[in-house]
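Quick heads-up: it's one chain on its own, the form predicted alone, in structure tokens.
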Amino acid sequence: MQDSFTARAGDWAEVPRRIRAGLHLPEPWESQFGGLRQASPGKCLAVGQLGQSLDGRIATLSGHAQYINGAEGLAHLHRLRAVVDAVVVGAGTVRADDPQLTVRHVSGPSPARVVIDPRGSLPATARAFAADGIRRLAITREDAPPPPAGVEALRLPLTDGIFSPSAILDALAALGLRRVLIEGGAWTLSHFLSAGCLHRLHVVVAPVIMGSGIAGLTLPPIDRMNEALRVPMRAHSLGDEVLFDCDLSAHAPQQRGKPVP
């Protein structure tokens, strides 16, 4: 679609609005974020984000992760938050990191915050539930206690003890949330990827080797390399870090079973 946009290349300020309007972006943003424009009405376009070391670790064995990625990688994460309608994390991430899930390092609107909390056990003091004018949702099982005041309850049935990623996306789409960022933690992201429910995956790799630690992705084991996912990918330089933008759209309908706990 053509319009009169004349901002200089690299200008970020108008990018969130233009993505929501389905408009072309100036570079380098078209290359990095253009794939997030085409969200279909009534459907969720889900993008996963992962910041890791060269050897695929997202934290030390003790869980310490501040900060594997540098300023450019962190800015990229906040840009992703600014262009989606909702950011999704699991209860384990909230307990471990107490993230704010807001846009602070770049310009742009903060997304709705969605926490997967099956038992409804997270405290009202969690920063993801902060009453700051941004929409907040808790995905809980049907018999869970109500969430903190002002937090919407999205009650879903469990399947084999877990929520179906596709059911989560369908429920969010029904609420008008068309672009969703699956931010963490590792199990939640692996669960969505394993279920074939990610359309894109952004992996930001920092120039650090940890040698041990928590893996970013853990999927069901395969026997042969022809069972591995091989996907179209573009690499982008983010200072001394590298963004790998993986197009998973061709595999989105594919079901690969549950990830290894």
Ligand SMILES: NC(=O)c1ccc[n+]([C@@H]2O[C@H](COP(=O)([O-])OP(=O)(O)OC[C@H]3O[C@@H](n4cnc5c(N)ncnc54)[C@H](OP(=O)(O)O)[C@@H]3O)[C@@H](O)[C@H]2O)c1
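Residues carry their position along the shown sequence, with the first being 1. Note that the coordinates shown come from a computational prediction; the quantities given were computed from them, not determined experimentally.
There is another form of the same protein, the form predicted in complex with the ligand; it is not shown, and what comes next is about it.
- Of the stretches 126-134, 113-121, 169-177, 147-155, only 113-121 has residues with a heavy atom within 4.5 Å of the ligand in the predicted complex.
- When the ligand is considered in the predicted complex, residue 109 lies well away from it, no heavy atom lying within 4.5 Å.
- Using a 4.5 Å cutoff between non-hydrogen atoms, residue 78 does not count as a contact of the ligand in the predicted complex.
- Residue contact with the ligand in the predicted complex: residue 96 places a heavy atom within 4.5 Å of it.
- The shortest heavy atom separation between residue 90 and the ligand in the predicted complex is within 4.5 Å.
- Three-residue candidate spot 51, 163 and 184; every residue lies within 4.5 angstroms of the ligand in the predicted complex by at least one non-hydrogen atom.
- Among 201, 65, 197, 36, the residue placing a heavy atom within 4.5 Å of the ligand in the predicted complex is 65.
- Contact with the ligand in the predicted complex, defined as a heavy atom within 4.5 Å, holds for exactly one of 206, 58, 193, 44, namely 58.
- Contacts with the ligand in the predicted complex, taken as any heavy atom within 4.5 Å, map within 187-216 to 187, 188, 214.
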